[in-house]
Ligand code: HEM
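Next comes just one chain, in structure tokens: the form predicted alone.
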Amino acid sequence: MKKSAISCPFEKSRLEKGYGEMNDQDDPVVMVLRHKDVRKCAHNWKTFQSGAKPGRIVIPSEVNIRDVRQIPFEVDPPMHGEYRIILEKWFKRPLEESYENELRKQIEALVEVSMVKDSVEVINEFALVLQSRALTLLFNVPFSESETWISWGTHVFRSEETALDSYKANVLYDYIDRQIEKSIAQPGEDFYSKLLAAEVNGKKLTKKEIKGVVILTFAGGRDTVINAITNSIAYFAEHPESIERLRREPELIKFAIEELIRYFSPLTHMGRVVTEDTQICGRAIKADTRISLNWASANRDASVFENADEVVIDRKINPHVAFGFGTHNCLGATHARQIMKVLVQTLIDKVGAIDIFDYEENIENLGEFKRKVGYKNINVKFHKK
């Protein structure tokens, strides 16, 4: 098996039962595995709730490290829609030409620096740096802020020692509090100032609501974007023919990006809390227990995707759910797609080949299932075109 490959550990259970089970800190989870069932449950927000206790729909659960509700992620309709109205325009800014141009400058500079090195550790020296720098554009804050974010590492709530690190969480919370106070004192064109000026149903957002939006923006697109970048680089290292084809047929780039995101599914799953006794695939589910919408399994469902366990770089019909589905589709998807688009274009333009030297896989333990989600570290050499 190639170094970049990610197998699907859910296939047998998906075919035989349609669900899997795991225990998360004594709060069990029934994983929904089939594409049609994942989409059906994601659409049914009344039965499968996001607006439960803050932190409970995340797996591993974050109820012990935060009591701030992430907005609009942990809010159900109709309030979910009210929050998204004030956020959608801001999160569509990556489509603007000036935004894309600045993003391109950042990524091209990073690639140029990386190519002169004998070896680059992609997670910490490339993907984390790229993600953090790009986030300054989304927040509309000085580029120098990225150095602080880089110092936090690849996940704002997790560390090498523990999956839930309250110390790291408090570093983030304290930082956000300071930024909000700074924007109160000196309003500008940054994300915090825009949130302070926003209204929902005729009322200004509270500091706690603003903090909830900002926590989501930091946490939701961090390790996921890092995984997408790193896995894609590993893939192109082992499939130079794909880079060459995209060089010849640049019109395929948009399809390639969706396919890489489908195949790698940087976020395995996301939870919901059940509001009433129900059933999924014949399995009884009690009220106030949890399910998860397993995006990674749904994206390998062979009844939907031909050659589901392969990267088909020109796949035209691709109803993947890597960015979620229904009401709670990913708010940051536009930003993530632009990062991937500009990265792929830059690799095509500047990089001739990529060599992988060594790596350590990042394996998620999900009860009986073990899933490779990416790498803990991977060292490569970027060769000039």
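Please read these numbers as outputs of a predicted model, since none were measured by experiment. From 1 onward, residues are counted along the sequence shown.
Only in words, not in the display: the form predicted together with the ligand, which the text now covers.
Asker: Of the options 154, 114, 183, 217, which one has a non-hydrogen atom that comes within 4.5 Å of the ligand in the predicted bound form?
Answerer: Checked against the cut-off, the match is 217.
Asker: Could you check which residue among 41, 354, 30, 330 gets a heavy atom within 4.5 Å of the ligand in the predicted bound form?
Answerer: Contact check passes for 330.
Asker: Each of 73, 224 and 335 within 4.5 Å of the ligand in the predicted bound form, by any heavy atom, yes or no?
Answerer: Yes: each residue has a heavy atom within 4.5 Å of the partner.
Asker: Thinking of the ligand in the predicted bound form, which stretch from 118-126, 307-315, 278-286, 225-233 has heavy atoms inside 4.5 Å of it?
Answerer: Among the candidates, contact is made by 225-233.
Asker: I'd like to check something about residue 267: if you look in the predicted bound form, is any of its heavy atoms closer than or equal to 4.5 Å to a heavy atom of the ligand?
Answerer: Contact check for residue 267: yes, within 4.5 Å of the ligand in the predicted bound form.
Asker: Would you please decide whether residue 59 lies within 4.5 angstroms of the ligand in the predicted bound form, comparing each non-hydrogen atom pair?
Answerer: No, residue 59 is distant from the partner.
Asker: Taking 4.5 angstroms as the cut-off for heavy atoms, does residue 295 touch the ligand in the predicted bound form?
Answerer: Yes, contact at 4.5 Å.
Asker: Answer for residue 359 alone: is it within 4.5 Å of the ligand in the predicted bound form, judged on heavy atom distances?
Answerer: So residue 359 does not count as contacting the ligand.
Asker: Check each residue of 173-194 against the ligand in the predicted bound form and list those with a heavy atom within 4.5 Å, in sequence order.
Answerer: Counting only heavy atoms within 4.5 Å of the ligand in the predicted bound form, no residue of 173-194 makes contact.
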